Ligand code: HEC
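Take a look at this one chain, the form predicted alone, written out in structure tokens.
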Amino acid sequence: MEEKKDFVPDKYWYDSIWIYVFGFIILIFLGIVFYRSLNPEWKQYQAQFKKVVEKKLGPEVARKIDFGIKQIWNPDIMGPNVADRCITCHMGVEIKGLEGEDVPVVFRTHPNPDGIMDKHPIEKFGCTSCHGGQPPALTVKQAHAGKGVRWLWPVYTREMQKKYKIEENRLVMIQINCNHCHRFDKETPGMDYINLAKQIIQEKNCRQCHVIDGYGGNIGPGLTYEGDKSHELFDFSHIEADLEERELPKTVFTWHILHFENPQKVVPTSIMPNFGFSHKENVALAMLVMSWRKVKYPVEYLSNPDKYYTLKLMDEGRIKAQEIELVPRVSTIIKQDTQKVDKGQTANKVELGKQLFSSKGCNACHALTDQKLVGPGLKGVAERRKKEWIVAMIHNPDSMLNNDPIAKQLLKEFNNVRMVLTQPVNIEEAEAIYEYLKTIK
């Protein structure tokens, strides 16, 4: 008779339990993935949109709407491999009758202030070329570059503007993208912030120290394509505390705002003057420099395309750097006022000197007080120096800095930053500036 063997329990029975548990978890995970693949986020938005249309415009209109993934493809703006899919969720942008406040923002008809949409039709320009964001994305987080998504060109929303302390209840930062095509306009309707910044650039003669649009001085960094610079090129180490205290995002845009606010605090070695700009001016200037990018749009999209082409030729070294005018040349004013000076009208000579002091960029480095900027303050300079010395310094600073002992000493005192002339100053103009400086006592 066969002996009965003793039962030996399985020592690894608990492994089976873990396998069952993990198998169940994987099953749930696959179920979620399968459900989401059948019910993506954009389908939920389209279902909500259908209800809104039925309520506002009636069931007949709702039945005619073509649902599914929508996209605008324009290789001239987006490139050959990218499509703009914003209208998959923002389905009401071109449907009349959805303008009311009772319609959720995501489904509203796109506004048309001053006929802007007539000049920029959605089927041609898409959405992201103006509003920013990630064109192919089909989720809100990815498309809008939400928290945790690293995207260099997020959607410019009112919520984003509030982070930068822009309290206006309208889209302002969108003007950054608008200026890609309107860079060489002196003024562009609907772009008040950018227009303000362009005016400041002219008044402060920033080209005295910076290369902008291919020409200018080399005291400061070139700014022609400032908007293309990588985040890693900006040092935030001196403003970390400010970012935290003022609850500002750590972005290049913030860096520029704070730099215009207080250059030396952001870059301790900077010799850029603190002009005391208002917050709106700081934001406007930051928007302007962030808009300076190398664009590749066809000429029909560009305002003043000949100036973009001139800049391209300068980039390629095919022509020498030259001025791309944003304002009428000051030479016309100078010629007229010089004719008045020749008639012996001293008052006109002082007025001419005042205009030249600004147009030649002297005010970018010299204050009319005792304050030291890039160069010494000029209050009472006509009493401290002889006329011949001042005129020579204005007319030919290189020769003076190389040979005159007083000029050499000043050069050492001001960190060996040489006085440069981005525009030549003749003897008559130098004497006119001297006459103006005589009045600053």
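Values in this document were obtained by computation on a predicted structure and should not be read as measured data. When you see a residue number, it is the position in the sequence shown, counting from 1. Definition used throughout: the rigid core is the maximal C-alpha set that superposes within 1.5 Å between two forms.
Keep in mind that the form predicted together with this ligand is missing from the display, and what follows is about it.
This chain lacks the partner; the member of F275, F236, W73, Y215 within 4.5 angstroms of this ligand in the predicted bound form by a non-hydrogen atom is F275.
Note on the partner interface in the predicted bound form: the residue among N282, S129, N195, S291 having a heavy atom within 4.5 angstroms of this ligand is S129.
V105 belongs to the set of residues with a heavy atom inside 4.5 Å of this ligand in the predicted bound form. Using a 4.5 angstroms limit between non-hydrogen atoms, L258 is distant from this ligand in the predicted bound form. Not displayed here, this ligand is approached by K119 to within 4.5 Å at the level of heavy atoms in the predicted bound form. Contact annotation for L410: at least one heavy atom lies within 4.5 Å of this ligand in the predicted bound form. Taking a 4.5 Å heavy atom cutoff to this ligand in the predicted bound form, the contacting residues in 359-387 are K360, G361, C362, C365, H366, V374, G375, P376, L378, V381, R384, R385. Shown in the overlay between this form and the one not shown, fitted on the rigid core, is a CA shift at N169 smaller than 2 Å. D370 shows a C-alpha shift of 2 Å or greater between this form and the one not shown [criterion: core-superposed Cα displacement of 2 Å]. In this overlay on the rigid core, K51 has a C-alpha that sits less than 2 Å away from its partner position between this form and the one not shown. Distance between the C-alpha atoms of G375 and L223: longer in the predicted bound form than here (change of 3 Å or more). Relative to what is shown, H238 and H366 are farther apart in the predicted bound form; their C-alpha atoms differ in spacing by at least 3 Å.
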